[in-house]
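Before any questions on how it binds or moves, here is one chain, the form predicted alone, in structure tokens.
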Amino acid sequence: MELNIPQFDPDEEEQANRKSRREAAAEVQGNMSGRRALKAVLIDLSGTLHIEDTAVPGAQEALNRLRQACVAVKFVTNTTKESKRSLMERLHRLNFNLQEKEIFTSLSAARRLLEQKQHRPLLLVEDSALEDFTGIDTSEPNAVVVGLAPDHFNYQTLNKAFSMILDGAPLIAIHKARYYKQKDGLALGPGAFVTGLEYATDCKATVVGKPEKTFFTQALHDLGCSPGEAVMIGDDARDDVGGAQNAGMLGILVRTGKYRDGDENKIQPPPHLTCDSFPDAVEHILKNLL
């Protein structure tokens, strides 16, 4: 008897996956349009609430208004230039009302992974961020961890990382952002260096920060809500908004920080909303999603 076995078509599978993602996003959009209870707002920090030591105009007052609503707030950031404590102190100096336990960073996610895998990392992060890895064994490193480390991105250090990866050490990217916003303009992010190591070693990095789905689900798990009950506000179309929407959330893109004209057209589905700034995003949430 001749069996008629259907042939596997990878193109058809990819089309089905894309359709599934679009349908999931449409379902979330429909639920929110029907004023399904919104339980949580995730907020990016650098570029959304502040740029270095300057707050986005009106952001403090907008955050206070959001806190008065019946919704949980959590701050999620890929910042690897400084420890969570230093970041919180910076935000307090800018008169933002927040607590350390409300901040979930990609450094936190990287530490969790190192502890789970019992890795001893070569840490390519700024010295100001090392505090968040206190207690992690870094002797005789057997893993490479890359964050934003301008002071350490030199040939000798990167070549050491290259040699370790060739010898079997896993490559862990705290995130792969292309660039970030400084006072004097855009600056190169760690993504270029991670991609360079991937290219040279013919390996693929494990990414733990935004836009990875697990980053968002970990942040929401702490708040006890599902992606369909949450919205994300950020200045990065791919990492903030695209990542959140791929995880099942709504995403609001703000035109501050690293935003560049046309960024909203770089992701599918497009952002739920693109607006000028964080205060405008809060106004939309208060009027339309609560």
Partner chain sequence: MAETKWPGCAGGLKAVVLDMCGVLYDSEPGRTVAIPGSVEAVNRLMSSDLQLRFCTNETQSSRDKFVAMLQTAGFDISVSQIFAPAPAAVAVLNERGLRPHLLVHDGVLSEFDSVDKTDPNCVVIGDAAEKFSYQNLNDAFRVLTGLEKPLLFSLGQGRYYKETNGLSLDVGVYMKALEYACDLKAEVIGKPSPRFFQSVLNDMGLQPHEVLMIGDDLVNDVGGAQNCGMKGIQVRTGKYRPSDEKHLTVTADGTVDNLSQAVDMILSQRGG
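Numbering follows the first chain given and starts at 1. The term rigid core refers to the most C-alpha atoms you can superpose between the two forms while keeping them within 1.5 Å. What you see is a predicted model; the values in this text were computed from it and never measured.
Although not depicted, the form predicted in complex with the partner chain is the subject of the following passage.
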Contact residue in the predicted bound form, from Q116, N159, Q99, N95 (heavy atom within 4.5 Å of the partner chain): N159
Only one of R112, R178, R120, K81 gets a heavy atom within 4.5 Å of the partner chain in the predicted bound form. Which one? R178
Only one of these stretches, 99-107, 148-156, 212-220, 68-76, has heavy atoms within 4.5 Å of the partner chain in the predicted bound form; which one is it? 148-156
Can you work out whether G168 and the partner chain are in contact in the predicted bound form, taking contact to mean some heavy atom pair no more than 4.5 Å apart? no
Does the partner chain get within 4.5 angstroms of any non-hydrogen atom of T195 in the predicted bound form? yes
Partner contact for A187 in the predicted bound form: the partner chain, 4.5 angstroms, heavy atom: yes
Though only this chain appears here, would S163 touch the partner chain in the predicted bound form if you measure heavy atom gaps against 4.5 Å? yes
If the two forms are fitted on the core, does L91 show a Cα displacement reaching 2 angstroms between this form and the one not shown? no
With a threshold of 2 Å on the C-alpha, tell me if M164 counts as moved between this form and the one not shown once the core is superposed. yes
After the core is overlaid between this form and the one not shown, has the C-alpha of A205 moved by 2 angstroms or more? yes
